[in-house]
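Next up: a single chain in structure tokens, the form predicted on its own.
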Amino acid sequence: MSQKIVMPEGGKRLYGIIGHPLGHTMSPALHNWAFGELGIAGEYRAFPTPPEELSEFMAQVRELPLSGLSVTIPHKLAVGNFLDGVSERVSKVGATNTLYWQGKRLLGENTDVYGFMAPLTQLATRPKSALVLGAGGAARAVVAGLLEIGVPEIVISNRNAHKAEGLAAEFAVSVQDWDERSGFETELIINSTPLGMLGERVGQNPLPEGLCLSPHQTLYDLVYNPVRTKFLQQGEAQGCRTIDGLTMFVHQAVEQFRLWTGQTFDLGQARKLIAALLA
């Protein structure tokens, strides 16, 4: 039986995140901080929801209703079956990470794409080439974002060549064999794999040991815990520009918050909050 959602007291609007498992998600801390900072009567909770309970949970989302929802693994694809419409980005990426209301219609958006693109659009010049390491769900958002900002040359490299070829064919981009990934000269290298993530993968690096990088290159890691991964440390040691996963996380979250409330929070303060919690 699905969990019974209890609405907050005091007329607060209810928001939350669904996934399974949710682990130590930073989203409740971030969004509840933002509600407090902006004086918004809202409450954000974590709702661990196994796949077999998604249908019943989504019925409650409409009945109560919940005012907004973040969506993570494994529901980013399946949740689309319960919506009244999705954005063009969702259609391209094939995944939803944000639910919001437009009148009486429950709609789906993918703010991961926005969050990924945001720091790249602030660079003095847009990269002309990009190497995407990985071919999973995160890589889909990355490739969609790179295409949206007009990067002309995009190459995907993944240990599972079949997955890389499938994703590349879908988005009409190129493939590089994983064992030869360092042979592609590119301005931007993105790690969309879990290599380097806190836990058993924390010391791992998606780049080969001793790879010679250029100060003209930018390394972008989607992993945000830890903030300074082995991947980014390798780039910093050779003078590369680096972008950490925490930057993407706060940018995608502020776009969710805007869709729900029409307001935005201070990105610098949000970053400090999450960095302190991670530390």
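Since we're looking at a predicted model, the values are computed, not measured. Throughout, we count residues from 1 along the sequence that is shown.
Keep in mind that the form predicted together with a small molecule is missing from the display, and what follows is about it.
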Taking the small molecule in the model of the complex as the reference, which of 152, 136, 74, 85 has a non-hydrogen atom within 4.5 Å?
136
With the small molecule left out here, work out from 51-59, 232-240, 38-46, 246-254 which stretch has heavy atoms within 4.5 Å of it in the model of the complex.
246-254
Please check if residue 184 has a heavy atom lying within 4.5 Å of any heavy atom of the small molecule in the model of the complex.
no
Does any heavy atom of residue 158 come within 4.5 Å of a heavy atom of the small molecule in the model of the complex?
yes
Using a 4.5 angstroms cut-off on non-hydrogen atoms, would residue 224 count as touching the small molecule in the model of the complex?
yes
Quick one: is residue 126 in contact with the small molecule in the model of the complex, heavy atoms, 4.5 Å cut-off?
no
